[in-house]
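So this first bit is one chain, no partners, the form predicted alone, shown in structure tokens.
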Amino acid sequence: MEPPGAETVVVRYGDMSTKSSRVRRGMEERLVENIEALLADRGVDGDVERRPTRPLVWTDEPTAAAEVAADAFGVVSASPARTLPAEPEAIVDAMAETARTHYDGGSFAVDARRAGDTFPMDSEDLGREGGQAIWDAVEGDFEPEVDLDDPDFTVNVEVREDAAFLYLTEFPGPGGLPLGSQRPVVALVSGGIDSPVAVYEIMRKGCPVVPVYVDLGEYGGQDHRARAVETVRTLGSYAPNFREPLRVVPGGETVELLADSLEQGRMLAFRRFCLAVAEEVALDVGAAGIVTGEAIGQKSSQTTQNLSATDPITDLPVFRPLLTMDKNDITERARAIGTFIDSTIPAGCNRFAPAQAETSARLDRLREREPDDLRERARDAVADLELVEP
């Protein structure tokens, strides 16, 4: 719902406000570029203006543009709004007009906020006058009721030094930092529920992602690969100006070798192979680290002891955004970002898992069991990778 005469979108951010003015200005510029890319990718017209603390989108489609802007990483919320002079009479009149257009009974409230000290009224006085104007505008047709705690209808106004913005709706955003404000990372995408959520979360903190899928050969199959491809495509819709092709790395020969030669430590040796693959890609593209969808204790291979045995294969930091999350929370996040359905296409990769899981691996013993040429295998596999465009 938007007020009559709405022609802009007010964009709000959170963590960026804690940065120095120089850093914040750079992040604001990055955020503007990202919102522009999202609007263009989704076919919504709008001109994005960088303003301190409140970027604006000027558009003939304010509700559609607000929904798009709210998908940009770094955005806390976005509202389709009407721009007004920072003058009490203009604001109060617009509140009354908005109520006449949209109020259809029940309780109402005015939420007025003021930034700076140039406006001649404080927030409480503006809210009181606006509330009276709304009452007078609708009492002939309804029996209005004021409820400041849980109203059915709220008219919001933010007053800045040079303008005021009146709005009715806030579309929540992901928060975090603008994508591109941090160094890129390589993400191991398995096609399951967890890794796409981990990718989304690391992008939410500003990191562009280079996705990598290790093809399991006969232990994976087309359905398993399709899950990875489709989830990466969905994630790309949140970052159209940072889309990277999915790097499909052939791992079937190594998987088959591990399945034939190892029972104990098989899954951990494979995880080390995947991390070595990711490191090779990271060195090639200049990425700062590796991202996985692992969470402590979620699987036998993800105990703290086992994680400590897999990480030493790489010199790069391994980021695990889901480290302390529960499975139910991860699943709900996958539903919210649109990756859940594709992540649950039936696949046969469970055939690779050993009959008995290992939960307390020792690095020295794992190194003794795994192939001596694990790193070389990773390097050769990356040399034969396939690029799949999103």
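All residue numbers are counted from 1 along the displayed sequence. Only a predicted model underlies this, so the values are computations on that prediction, with no experimental measurement involved.
The same protein has a further form, the form predicted together with a small molecule, not shown here; the description that follows concerns it.
Checking 98 to 106, 124 to 132, 142 to 150, 266 to 274 against the small molecule in the model of the complex, the stretch whose residues place heavy atoms within 4.5 Å of it is 266 to 274. When the small molecule is considered in the model of the complex, only one residue from Gly206, Pro88, Gly289, Gly192 comes within 4.5 Å through any heavy atom, namely Gly192.
The contact with the small molecule in the model of the complex, taken as any heavy atom within 4.5 Å, belongs to Val214 out of Ala164, Val214, Ala94, Val232. Residue contact with the small molecule in the model of the complex: Arg82 places no heavy atom within 4.5 Å of it. When contacts are judged by a 4.5 Å heavy atom cut-off, Thr254 does not count as touching the small molecule in the model of the complex. Taking the partner from the other structure, the small molecule in the model of the complex has no heavy atom within 4.5 Å of any heavy atom of Ile313. By the criterion of a heavy atom within 4.5 Å, Gly74 is excluded from the residues contacting the small molecule in the model of the complex.
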